[in-house]
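The same protein chain appears twice below, in two forms, each given on its own as structure tokens and labelled structure 1 and structure 2.
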Structure 1
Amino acid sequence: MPIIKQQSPQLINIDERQRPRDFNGLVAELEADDSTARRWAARDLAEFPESVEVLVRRLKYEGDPSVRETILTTLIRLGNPATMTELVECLRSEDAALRNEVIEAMKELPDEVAPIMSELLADHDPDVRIFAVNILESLCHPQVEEWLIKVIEQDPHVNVCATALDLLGEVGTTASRLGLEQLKARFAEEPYIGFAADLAIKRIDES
């Protein structure tokens, strides 16, 4: 059975880094040709709170999904409100994958997202408003239902309301009931709205 051999105690110590692991070295590495080098740099920059600007800028034109994922993980760990403007810009991107990655990251940043939520829900672009509701799905914040009620009462776009409805089916309380009835009336010709509002109402009444 010697075929399976004992591994040397220090495992493998490959350090393929071309530059030192200080702030400037890592920032330079973030532009490397090799995606592994960029990913490692993005990960190690989590030790430098001042790196958020560089990271969020890189995010917008980084083509490798694995590097983008690591950049976002580092941004979540650093949790800096300064990143929000740039992340919101990414929600407007043509790249659906980037948008969805950013939505997931914003869900992990409740303290940073909460102050701008009202603004996002009032955005001129219905897609951004839909994404804002998507973010609410995992945002652990006491105002979630309040925001959702405002959406179903006021948002003119059927799909923004539809997205809010899905979530109200889960978190809705009696406070949402009137808004749900009104929404049904407002989009009486849309079977989906009727279905989803009825479901949310049923759940509120039953609990």
Structure 2
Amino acid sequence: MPIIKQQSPQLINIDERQRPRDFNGLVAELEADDSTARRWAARDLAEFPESVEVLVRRLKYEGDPSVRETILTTLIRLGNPATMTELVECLRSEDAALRNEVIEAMKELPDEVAPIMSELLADHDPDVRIFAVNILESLCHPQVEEWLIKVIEQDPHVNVCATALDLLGEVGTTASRLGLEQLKARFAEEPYIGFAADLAIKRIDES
């Protein structure tokens, strides 16, 4: 009796993916029990700009790290206004892991984040403002120092200012010196602000 060679699961998955895959089919597959199927669905949904909402909805409870990574990669590839709206809402989540992943994703989208950065830095929630400063940490954009100066000059929350101060200690130039001096005066009762501002000013003066 001839031995029938079984097709490997990987080949079956690849062959399945080569079949026509429309938006509704991919959305349904994003809820599949099999993590490989969900991962392929998340990757293929990059062809559909309207998929942002369903991808973020899945991201909020997806348990497989590789699927989460693929969803975030797809969102970065899409990078449209809807993506930014959904990612900003995720910054308000109670899920710290989700917030951190979203912050890292937004760092990969400097051109898309730039138009909304002033809005983020003026958000009513000081935590969101802190997250916005965290995004600036790796955001390759010429306005980074300008945004940080605005924070230390105007933000009323000491923790937001301290976060911006830490980053200015690394990237600040003579343009931020006056703002640093004013920050020291505004939070004169906060020892850390004075200490970190002095360090930042010393680095600027020596550079």
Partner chain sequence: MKHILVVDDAATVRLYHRNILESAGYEVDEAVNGIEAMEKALQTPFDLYVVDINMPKLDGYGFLREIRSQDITQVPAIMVSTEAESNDRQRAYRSGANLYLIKPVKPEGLLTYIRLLLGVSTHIRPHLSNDKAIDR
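None of these values were measured; they are calculated from a predicted model. Each residue is numbered by where it sits in the sequence of structure 1, with counting from 1. Under this definition, the rigid core comprises the largest set of C-alpha atoms superposing within 1.5 Å between the forms.
* **Identity of the form predicted on its own among structures 1 and 2** => Structure 2.
Please indicate which of Ser138, Pro81, Gly63, Glu119 marks the hinge of the motion between the two structures, where one rigid part turns against the other.
It is Pro81 that sits at the hinge.
Can you give the rotation, in whole degrees, of the smaller rigid part against the larger between the two structures? The computed domain rotation is 21 degrees.
message: Fitting the two forms on their rigid core, what distance in Å separates the Cα positions of Asp44 between the two structures?
response: Comparing the two forms, Asp44 shifts 4.1 Å at C-alpha.
Check: What's the distance in angstrom the Cα of Val54 travels between the two structures, core superposed?
Finding: Comparing between the two structures after core fitting, Val54 shifts 2.9 Å at its C-alpha.
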